[in-house]
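Presented as C-alpha cells, the chain that follows is alone, the form predicted alone.
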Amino acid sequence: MELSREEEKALKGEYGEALATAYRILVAIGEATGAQRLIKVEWAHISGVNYNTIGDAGLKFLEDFSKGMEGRKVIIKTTINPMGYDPQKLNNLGQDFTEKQSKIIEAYERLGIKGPYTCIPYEAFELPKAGTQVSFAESNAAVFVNSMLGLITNKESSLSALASAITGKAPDSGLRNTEMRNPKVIVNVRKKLRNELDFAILGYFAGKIDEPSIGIELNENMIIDKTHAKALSASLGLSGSAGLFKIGKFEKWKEKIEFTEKDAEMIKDEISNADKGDVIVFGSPQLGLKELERLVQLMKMRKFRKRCIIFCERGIFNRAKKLGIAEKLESANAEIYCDSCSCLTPYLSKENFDSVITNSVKAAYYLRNWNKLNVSLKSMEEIVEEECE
C-alpha cells in the first residue's frame, strides 16, 4: 500500500503504540483486500460493545488500547452499537456481567466515544450527504446506508471501525469501489411481499448468495418503504457477505435467482421452531419512531396478554414519550428498554423463558443460537392480532 509520510510515521509508532496499532489494523485489511491506499472517512460506527459479544479478550484489548492512547481520542464523528443492558434497568443481571459491561463502556468513553448506544444510527443522527465515505461495523446499518442513503462503507469489523475512528481513515477497497457496488446476481421476487417479515426473509435468502452486492427485482407495483428496507438490511447482513442491495428492473442479466413462496417457507421453517412463545420481543434492529407508531395503531387500545419487551434507541424513546406513544405502549403491558437490543442480551435467558415470539429474523437467529430459546417468527400485525386482548 502507498502511505503518506504521516501515515508511515504513525505506523512505525512515532505517535504512540496505540495509534500504531490502529494503522496496523487498517494496513493489514488493506493489503488483504487489495487496497492501494487509505482514504478519509467522515463517520465511524462501532460494534463490539456488548460483553457477550467480545468477552474477556475483547475487554482486555479495549482497556489496554484506550489507556495506551494516553488521552488521544477519536478524530471523526463516532457512534456506537447497543450494549448488553439498559443501565436504567439492570434487573438482577449479575454482578460479573454488569461490572465487565461497565468497564467496556468506560474504555470507549476514554476514547471519546459515548452513547446513545444504537444499531440504527441512520435513524438516530443527522446524516451526511450521499457519496460520503463512512466506516460502519454494525451489519444492518452498513447495508442500509449503502443501499438506501447512498453512503459508502464496507461491512466493517469492530476493530476496523475503531481504527477508522482513531485515524479518520479506511482502506480503499471492497464496496468503496464503484465496480463492486454493481450487482452481478439478481434475485427475482416471485412471491408477494406483504410485511416486514416477508422482506426480512427475502433478505436472509439473498444474503446467502456469495456476492458483495445483490440486485433485487420486485414484482410490479411493489414498493419498499423504510421499515421494509430496515428488515431486509438486517437479515441480508446476517446471512452472508453482502453489504448492499439495489432495487430495480434488470432486463438483461446473465444470472437471476428466483425467490418463491416455497423458498420463503423453507427459510421460515429453518429459523422458526415454535408456534407459541412466553414473551414477545421487538427490536433487532432497535425500533424507530415509525415502528412504535405502527405498533400503537395496530393495537387499537388493546393490551398484550403476556410480557412484551421492546428495544428502542434512547433518543427515539424520549421523542415517543413526548408524543404519548411510550405511555400507550407501557400501559398495554409493554416494557421499553434502551441502549440494548434483543441480540445476545441476558434479559432473554433460558432461566426466564422457554420460547420467544418476534418479527425479527435477526433476533430469531441469535435467540435460538446464543440464548438457546425456541422462536416463533411472525409479523408485527400477526403478533398483535394473536397476542392482544
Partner chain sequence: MNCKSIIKGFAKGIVLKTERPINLLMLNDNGILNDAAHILNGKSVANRVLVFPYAVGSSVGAYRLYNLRVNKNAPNAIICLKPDLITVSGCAIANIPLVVCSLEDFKMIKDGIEISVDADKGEILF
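Numbering follows the first chain given and starts at 1. What you see is a predicted model, and the numbers here were worked out from it, not measured in a lab.
Separately, the form predicted together with the partner chain exists; it is not shown, and the next lines address it.
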property: Heavy atom distance at most 4.5 Å to the partner chain in the model of the complex, all of 315, 326 and 379; result: no
property: Touches the partner chain in the model of the complex: residue 370 (any heavy atom, 4.5 Å); result: yes
property: Touches the partner chain in the model of the complex: residue 47 (any heavy atom, 4.5 Å); result: yes
property: Touches the partner chain in the model of the complex: residue 241 (any heavy atom, 4.5 Å); result: yes
property: Distance check, residue 108 to the partner chain in the model of the complex, heavy atom within 4.5 Å; result: yes
property: Interface residue in the model of the complex among 334, 356, 41, 62, criterion: non-hydrogen atom within 4.5 angstroms of the partner chain; result: 62
property: Options 233-241, 293-301, 255-263, 68-76; stretch whose heavy atom lies within 4.5 Å of the partner chain in the model of the complex; result: 233-241
property: In the model of the complex, residues of 9-37 near the partner chain [heavy atom within 4.5 Å]; result: 21, 24, 25, 28, 29, 31, 32, 33
